[in-house]
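In the block that follows, a single chain appears as structure tokens, in the form predicted alone.
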Amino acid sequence: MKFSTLLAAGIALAVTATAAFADDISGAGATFPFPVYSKWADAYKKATGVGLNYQSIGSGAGIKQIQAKTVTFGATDIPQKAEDLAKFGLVQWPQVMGGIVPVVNLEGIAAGDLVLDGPTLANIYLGKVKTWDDAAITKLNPSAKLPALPIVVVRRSDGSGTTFNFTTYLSSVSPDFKAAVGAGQAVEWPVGVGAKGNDGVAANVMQTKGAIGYVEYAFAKQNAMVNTDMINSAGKRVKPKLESFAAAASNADWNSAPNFNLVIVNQPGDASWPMTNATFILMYSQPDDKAAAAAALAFFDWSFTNGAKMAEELDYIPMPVSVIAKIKSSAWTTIITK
């Protein structure tokens, strides 16, 4: 699916709810899971006749919308702390996992031709590594023909769970990045051009020679973008793919994470992709519209049961069966739908 097609699909999905489908499910938030939510929504509507009105507007905006009760569920890549959940009476659970990848626009460079490590990527986003033929990059890529071209840094301009996980990773591998920028959904970037959403970052990178950005892997894959490999915490070169995301996700200890509050970047293991993360659903434990809440839970239940293969086709990682069982027996039992 090309970028223009993906963007059009996003617009179409965001306006699905009409008078003819008054019972469609409403949600808003993270752009990271949009491709898989879109795919699930299409299949669910064919199976049940119920549509999904999902606004792909970023994790920060999604959190604000569920707090304001303008949607039935919020979606975020930023796991919420217990005190924040309690303050608003919200319940949280992970719905699916995936990977964040660096993407570049360099003539003559194909996907997987380049490799970066965490410190070098951090220094690019700190503005310390300014050109593609910088010694830090050429040392990692001695056989690549790198141009003496300025690096155009592209990053998110909106409150973003992708940014939260990306900056959490960079902070974990670079003390300088942690001190100067830190981790968060919206940070003070020292350099770069801002773009809204994964789709906005993808569009900017594709349109700008010498650009680098970070997006959810499905956006890179569907738009035939050039991603880099990464050196992981074990010092191994890994490619962004289902197997490397799954290797990292396998280390996630959800049983020891109260309220499923868990960040899984920079996991150990020779095969682990370093920027792997989960995306979460937020709902009220005592929703004003209980029928709408029940409809949303039915959709998520169907997605857990029927959506694993569809998720894997987009290189997302379905939640393990044991975690789904925990979600149903803990988070979902606290949501009053009758």
Partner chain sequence: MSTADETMQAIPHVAKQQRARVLLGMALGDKVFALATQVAAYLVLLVLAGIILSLIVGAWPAMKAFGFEFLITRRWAPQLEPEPVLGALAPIYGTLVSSFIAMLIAVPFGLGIAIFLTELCPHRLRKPVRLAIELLAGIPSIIYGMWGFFVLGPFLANYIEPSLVAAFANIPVLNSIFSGEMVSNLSLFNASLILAIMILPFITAIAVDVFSTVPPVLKEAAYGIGCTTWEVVNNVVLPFTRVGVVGGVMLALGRALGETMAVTFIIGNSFKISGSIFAPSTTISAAIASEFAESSGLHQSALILLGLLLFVLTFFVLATARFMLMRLEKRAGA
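Positions refer to the first chain, counted from 1. Computed from a prediction, not measured in an experiment: that's the story for all the values here.
Omitted here: the form predicted in complex with its partner chain. The next part is about that form.
Shown alone here, G194 lies within 4.5 Å of its partner chain in the predicted bound form, counting heavy atoms only.
Though the partner is left out of this view, D253 does not reach within 4.5 Å of its partner chain in the predicted bound form, counting heavy atoms only. The closest heavy atom approach of A61 to its partner chain in the predicted bound form falls within 4.5 Å. Within this chain, D113 is remote from the site of its partner chain in the predicted bound form, having no heavy atom within 4.5 Å. Contact with its partner chain, judged by heavy atoms within 4.5 Å in the predicted bound form, is confined among 244-252, 96-104, 156-164, 138-146 to 156-164. Of the residues Q80, N204, S174, N227, just one reaches its partner chain in the predicted bound form with a heavy atom at 4.5 Å or closer; this is N204. Interface residue among T120, N261, Q267, T208, judged by heavy atoms within 4.5 Å of its partner chain in the predicted bound form: T208.
Along 115-135, a non-hydrogen atom within 4.5 Å of its partner chain in the predicted bound form is carried only by K130.
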